[in-house]
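Next up: a single chain in structure tokens, the form predicted alone.
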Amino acid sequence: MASFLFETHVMGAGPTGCMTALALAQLNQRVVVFDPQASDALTARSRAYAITHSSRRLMQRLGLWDELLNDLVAFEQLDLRDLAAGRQVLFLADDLALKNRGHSGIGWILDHRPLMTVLLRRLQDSPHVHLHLGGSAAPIPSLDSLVIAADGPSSPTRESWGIHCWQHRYRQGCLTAKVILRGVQANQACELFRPEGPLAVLPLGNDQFQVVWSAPMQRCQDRSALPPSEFLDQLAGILPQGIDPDLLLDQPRAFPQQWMLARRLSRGRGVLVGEAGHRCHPVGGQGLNLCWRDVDVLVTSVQKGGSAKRIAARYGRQRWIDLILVGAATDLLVRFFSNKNSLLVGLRQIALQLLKSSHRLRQLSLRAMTDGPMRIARALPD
């Protein structure tokens, strides 16, 4: 494949920035990657990601899937419970009709450290990639370079381009922790809707689970500062009967939650990918998958050719619908389920009963979670 006529600069070497750089390097594009953090710091975060089939397909195209297969923990069941409404829906892999296509999971959980280790190694080994990590000044792009801002929600690159954002900060914060639990099946993920906010329990293998616990921000901060025994006691008090925490494996982290969308996703030769351009509530595990769909669309735009400005403008137009629909869907879920309003509780009981009794509704729901609301009525390709 012939090389493209311009160089690409990726600002930010997190999971989305690295994935962008790797995807473009496989097109024989010369890619310069900059991040002020060194590789050790980029790898060290204690968190895990929910991986859906849209991300699985991208990872397979880039040759990452087999390399990370031993680190991916599949879940074939998704246990959704509304604790205030007293309703439960169990989603199975059959609801996605994927068992005969070689992928039996609804999704996978992937820890940050092995993901970043593989991504950085692949970038270091690529002859098309020049890594600049741990420095204070980014290399200066040439006048015809495509510049990709993947430097997070407080993106200094976005600010330097004068792009403003629509945003809403939730009263809820989010607390993440890794724990050992008893009473949860190894192949099962849980999403518990509670009046103070949703609680996700994600399998990491060997009875280890990532807990993503939404609650008012001050409560999250207070819980993150508790001694391990008191933290586990509070967690035990809100988990469903039969699920018991045994051991806290890391230091819980609390951080604010917000919906954010940049008012434009491109300017001149620059584009915003990942959390530099958007954020949504973590309910449903949409965050990283939404970011990696940015990568997919950007690569397609590059493949169609044209100048850096034309590629940037094309990408900016194509990403809007998915970002708006996912942001609206996650926001609606949180507002609808995070309360004890008697009218809404009654509506939720009806909605969840319909979901429980209808394979078609469960299928549509999982497809929306897997590929975004735009593809809700489409069959998933292999």
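All of these numbers come straight from a predicted model, not from anything done at the bench. One rule holds for the numbers: they count along the sequence shown, beginning at 1.
Below: the form predicted together with a small molecule, not depicted.
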Answer key, the small molecule contact in the model of the complex at 4.5 Å (heavy atoms) among Leu119, Leu288, Leu146, Ala189: the residue is Leu288
Checked Ala48, Met59, Val31, Val326 for heavy atoms within 4.5 Å of the small molecule in the model of the complex; positive is Ala48
With heavy atoms only and a cut-off of 4.5 Å, decide whether Ala150 touches the small molecule in the model of the complex.
-> yes
Leu42: touches the small molecule in the model of the complex, heavy atom cutoff 4.5 angstroms
yes
*Given that the partner is absent here, does Arg279 sit within 4.5 Å of the small molecule in the model of the complex, heavy atoms only?*
yes
Quick check on Gln257: any heavy atom within 4.5 Å of the small molecule in the model of the complex? yes
Per contact check vs the small molecule in the model of the complex (non-hydrogen atom within 4.5 angstroms), the hit among 316-324, 59-67, 31-39, 345-353 is 31-39
- Kindly confirm or deny that Gly17, Thr176 and Leu202 each have some heavy atom within 4.5 angstroms of the small molecule in the model of the complex. yes
